[in-house]
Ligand code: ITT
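Before any questions on binding or motion, here is one chain by itself as structure tokens, the form predicted on its own.
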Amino acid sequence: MLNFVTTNPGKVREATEYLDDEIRQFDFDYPEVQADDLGTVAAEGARAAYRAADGPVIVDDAGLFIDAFDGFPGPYSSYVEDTVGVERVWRMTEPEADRAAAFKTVIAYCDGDGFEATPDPGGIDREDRRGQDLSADDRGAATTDEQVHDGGETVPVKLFEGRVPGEIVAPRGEGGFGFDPIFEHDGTTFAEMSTEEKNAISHRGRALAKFAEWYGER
């Protein structure tokens, strides 16, 4: 059984759409490192969670990346939402000529077994880290690996990234959470979408789809 490390049952429900009944919620408060990329944060969490769960785990980390601010707030999105606020992020972005942005999720997988891994999570294109197009139709998810060390033993962690491109707009909509009211995709903010509409194009869903394809081959 695969453990999804989260306190949000909604994430687990979304994951079952890609992984059937092979997944369950694992409530574990792993230490969250401070880093400038989602991959490092998720990988560190996956290693800690694997040790606690003693079984295969996935950990996800997500953020809003604004081009005009070189990808900020990125991994610090939750903190910025709590301290700066959604409305003020919009006001800071409003004067910019380029308001392009992207929501991204990185899923980190760890099971203690060996699989091909590389030592640098920078394999995710650095242009994509700033919210640039990942593919022509923007429906792909980048994949990379990070090799880590635990007590002298090599513990591989595999990373899967999904993104949704959009732009920052004045707040609209009553649904969603976080920065959803100021993130517009194809003319509609995430806060104006139903849960079903949002899940159909979500950055987490795109990362899950990529992970599910790889996991199904193991």
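The first residue of the shown sequence is 1; numbering continues from there. In this text, all values refer to a predicted model and were calculated from it rather than measured experimentally.
Separately, the form predicted in complex with inosine 5'-triphosphate exists; it is not shown, and the next lines address it.
- Using a 4.5 angstroms threshold between heavy atoms, residue 173 stays clear of inosine 5'-triphosphate in the predicted complex.
- Mapping the unseen interface onto this chain, residue 37 falls outside it, with no heavy atom inside 4.5 Å of inosine 5'-triphosphate in the predicted complex.
- Although the partner is absent here, residue 44 is not a contact residue: none of its heavy atoms lies within 4.5 angstroms of inosine 5'-triphosphate in the predicted complex.
- Contact annotation: residue 184 falls outside 4.5 Å of inosine 5'-triphosphate in the predicted complex, judged by heavy atom distances.
- Shown without its partner, the chain has 103 as the single residue in segment 87 to 111 with a non-hydrogen atom within 4.5 angstroms of inosine 5'-triphosphate in the predicted complex.
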